[in-house]
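This document starts with two versions of one protein chain, written out as structure tokens and named structure 1 and structure 2.
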Structure 1
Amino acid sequence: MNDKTNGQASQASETITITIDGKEIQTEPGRNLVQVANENGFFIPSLCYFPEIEPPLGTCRVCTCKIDGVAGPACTETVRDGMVIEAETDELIDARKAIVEMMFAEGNHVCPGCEKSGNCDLQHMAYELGLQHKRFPNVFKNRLVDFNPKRMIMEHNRCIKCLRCVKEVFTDDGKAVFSFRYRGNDTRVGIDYEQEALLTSEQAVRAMELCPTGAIIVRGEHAKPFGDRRFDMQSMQKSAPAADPEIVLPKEKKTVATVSLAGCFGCHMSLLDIDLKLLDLVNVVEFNKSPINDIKKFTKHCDIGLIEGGCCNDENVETLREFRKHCDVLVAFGECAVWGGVPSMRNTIPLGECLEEAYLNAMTTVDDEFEVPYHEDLPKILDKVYACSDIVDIDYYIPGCPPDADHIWRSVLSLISGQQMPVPYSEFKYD
């Protein structure tokens, strides 16, 4: 399996014709299908695919297309004359989205707290696919964060098992540094401490760059600031973003309620960041129960409920259920509401241990003087932090930590007017 089939044409003079979604494309034989498609304005997402790795890995399945009628990954295909490819059908796009959602559900991907955020291929593909939430429940497994290697930190919660590091990172003696271990749902990447210590700094950094997520972090390599990162501003999809539609606002004002549950109020702050548009907003909506106007109780049935934060205690649950009863449409806005977010990082640790660590075994605790707070006036803490969709049906999701003000504005406007407002790539973020 040593053919050099990637990128370069094998015989530059020859031209072949392939058909992607009905469009005929002239290209050279032997090139990789993902590359040819993407150069020609089609978007075939890919994650495990890395042009330097030959043969391609074909593990993540995100690039699944229909090739001459048969479903299969594009990354392991080289173009042949007469090849007919389906690339952007609804079925395929949905399947790809599902696979990326599976990766998020399977690991603990907390973008706001990840060093690789903004430079992460997984996050980038999710942006490109417009992934607002996962159709699958989060697993919240407590996987190892391994600080034993000399240069690296292995964050197994973030690994998507793409195989890149296993196939590409070797010592100068040609020995593998990584290998898959176990199988099935327990599969994880094992790291050989002895061999890892033999890597040069450059080789270690390359391993980190090779990793499509934040699973391999090299000590001392700091995260880059917003704006300097690879996936902050520009989508790789060639199609120009759709223009904003003419917005026709309804004559009657819509009623909106908002609440912050297990969140930090950051999403509400971001909501206020729409600045002057606030004046437009009050022309088209009327706020009911909300911290913005300090109305504590629902006084009427509402059209839209905006929920910030997930549920970490029984009061959150009660409030959320009340919102479901009083609102036609519920929108989870912000990472915490969408899937649990930063507070759900405790989900991998039993509640008892969390509380004992915080109140009984902390460094500042004096023996016998402290207890875990428990009182009938206090909300009861839940065994874990739940996403809003675990408790009630949620109609729409706005990701972000916090969501960009403009993103919120566009989403709310879409709901009020019934016209879809496109959200630009630079505003659709998880951090």
Structure 2
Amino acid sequence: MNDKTNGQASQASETITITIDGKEIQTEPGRNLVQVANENGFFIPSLCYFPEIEPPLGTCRVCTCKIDGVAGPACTETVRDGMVIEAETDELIDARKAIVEMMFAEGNHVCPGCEKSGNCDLQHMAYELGLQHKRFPNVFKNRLVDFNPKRMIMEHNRCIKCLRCVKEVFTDDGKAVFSFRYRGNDTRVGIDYEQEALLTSEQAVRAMELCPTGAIIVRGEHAKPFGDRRFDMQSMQKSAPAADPEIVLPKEKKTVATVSLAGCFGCHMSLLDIDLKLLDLVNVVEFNKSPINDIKKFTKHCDIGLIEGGCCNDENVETLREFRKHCDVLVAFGECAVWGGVPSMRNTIPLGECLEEAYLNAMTTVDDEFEVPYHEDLPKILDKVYACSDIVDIDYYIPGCPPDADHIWRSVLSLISGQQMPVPYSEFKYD
């Protein structure tokens, strides 16, 4: 065995010690920090990191840790002896949440209408971080949707510019298919139509799977049913699921009000899907103004108000403000109430164009009735669909389209009892 081989064998057998959040870990030098941490029970999320890409990209910054006292991306670090890492402090977790929230706010990520839902890394990271809502307003940019490629659709509203496709997708003869174009805030991923046409079907699907969002969609590749998708059932975090606490219900009934605004009423249907638990609910809850009991007006002050749907007209705004005034605790449940949901897809288009398309240019328009309806008794349409939190203060959020019935049950039970009920990963979804 020559000296070079001896040196490689010595390095392979060497063991070093690093410290993550106070815990000493033995590992081999030169390994990626994200992999070492995750193997040892420390969850470091990442969106741009991909084991096959070397050197790592370090573009998304979701994996930021404090490494020897300096904040930086963990995915670009290889472990060395004596390294001290802070990975799961409150400050770092909040910073990661803020980054993911900004990605959702900056793009138009409508999970219920996305082909990548359930297989989306961005959505998955939000689940792992427990994001119920964003602290930043949605931008609602109307970016290009490119239908020109032979096999793919490029949905630039969903692209987070991670660089994965640019660095990893090539034709058989080594030609790049994707590239960054323009600069600054105008940067977007461009696609070479000629080279994209040379990809095999398998290579095109791999490019779609490589993308951490739904920015690259292959024609004919449809969304899979719930339960068959990558991120439906199992969390990446190794901690055991929290056990349900012993709930002590109040002796007096709580008064609950509900309403549906700019939504489809699906969240109320999901509420009714708690099935036999409704019998338990009526023992501890009295419904006031609600479509469930058809009470049209508040007859008393309520403990809890559940709001489904966002605000698309002045009547929605008035109703929401009335609920805020009459309820001690106000809960936005469902994606429409939380941030606007599917109805907010019109927010990228001027209101005038929406009305013209609906009433003047639509195939269903009746002959000789080319007129946008207007009457003083009709609610006035707002310039866009607003989240409930844009209008009034919201105390709690229950995401989902609609939220899982058990998720709603646990949330309502938590509010009634004042005890936190854990929501399993499989029930915490946006679609």
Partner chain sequence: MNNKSITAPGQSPDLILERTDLIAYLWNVQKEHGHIRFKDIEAAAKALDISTIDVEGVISFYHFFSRYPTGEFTVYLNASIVSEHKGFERVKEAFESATGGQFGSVDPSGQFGLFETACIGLSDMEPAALINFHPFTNLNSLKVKQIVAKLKQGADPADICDEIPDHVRHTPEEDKVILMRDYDHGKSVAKLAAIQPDDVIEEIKKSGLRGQGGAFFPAGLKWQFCAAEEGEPKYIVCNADEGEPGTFKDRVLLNSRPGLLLEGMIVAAYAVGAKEGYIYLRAEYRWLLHKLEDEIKRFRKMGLLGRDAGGIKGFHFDIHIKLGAGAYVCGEETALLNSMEGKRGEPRNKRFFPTQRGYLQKPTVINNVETFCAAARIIELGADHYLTTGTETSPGTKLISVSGDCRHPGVYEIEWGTTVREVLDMAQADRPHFIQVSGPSGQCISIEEADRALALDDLPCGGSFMIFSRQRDILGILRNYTSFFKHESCGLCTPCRAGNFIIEKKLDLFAAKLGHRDDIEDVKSWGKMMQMTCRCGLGKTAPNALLTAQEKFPEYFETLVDQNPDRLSKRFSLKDAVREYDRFSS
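The structure displayed is predicted, hence computed values, not measured ones. Numbering runs along the sequence of structure 1, starting at 1. Rigid core (definition): largest C-alpha set, two forms, superposition within 1.5 Å.
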property: Selected structure - criterion: the form predicted on its own; result: 2
property: Rigid core superposition, Y182 Cα moves 2 angstroms or more between the two structures; result: yes
property: Rigid-core frame, C-alpha of D172, shift of 2 angstroms or more between the two structures; result: yes
